[in-house]
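Below, in structure tokens: the form predicted on its own, a single chain.
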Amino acid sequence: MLQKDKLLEIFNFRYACKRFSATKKISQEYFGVILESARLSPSSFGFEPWKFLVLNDKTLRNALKPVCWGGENALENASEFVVILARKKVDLVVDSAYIQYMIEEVQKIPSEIQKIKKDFFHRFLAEDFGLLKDDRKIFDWAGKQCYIALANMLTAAAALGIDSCAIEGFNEEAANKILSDAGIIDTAHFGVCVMVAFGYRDNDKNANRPKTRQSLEKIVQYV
């Protein structure tokens, strides 16, 4: 079992790397572990409303640079660059082909139980969280699940001594159009949620700065 000091060491190692080495590459074995940490991540109802695009194509990376102001160095130099997509409403309503696929083929729920889960899920969407009111609301809910996977990827990378940077600094509409025009995504079903780069730091002045965080007393309340 991982010792508590080692665990905290991992969290202290991780920071938002802004300058990646163009020559140091992550082994496919290690990158596979990072992707597996995403695959094994939890999601609401276990419906995994995500997809992970690993951008190896230099042309695509270059195309994204003008609309991704938070990831210019990462797109140019990072060993691996991942665009995390979130599913849209068409796939997340209870009678969608995707939900049926997840329930039947992935979760392998017995037929006599499927309707119970679907009814429960629909009440959650329609009443508990009111997610069916507009398309953006349910997309953002799917994005919350994507961020769970993102966090696990960042921590897995840090545990392996790999640097990372989560990237929200991009124009959402333009990024979707670039990937759609390239035939990579169908924007009826997916939208760009967040991006993340992995690699090794290259003389990044921020690497050794102490973390600036509020104290536990400021953010934790026992009731």
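Residues carry their position along the shown sequence, with the first being 1. The structure presented is a predicted model; accordingly, all values stated were derived computationally and were not measured.
Not pictured, yet referred to below: the form predicted together with a small molecule.
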| property | result |
| --- | --- |
| Of Leu55, Val192, Ala156, Ile167, the one that lies within 4.5 Å of the small molecule in the predicted bound form (heavy atoms) | Ile167 |
| Sole residue of Tyr147, Trp141, Phe129, Tyr98 within 4.5 Å of the small molecule in the predicted bound form, by heavy atom | Tyr147 |
| Contact stretch among 44-52, 180-188, 23-31, 158-166 - heavy atom within 4.5 Å of the small molecule in the predicted bound form | 158-166 |
| Lys18: touches the small molecule in the predicted bound form, heavy atom cutoff 4.5 angstroms | yes |
| Partner proximity in the predicted bound form: Lys205 to the small molecule, non-hydrogen atom cutoff 4.5 Å | no |
| Interface membership of Arg201, the small molecule in the predicted bound form, 4.5 Å heavy atom rule | no |
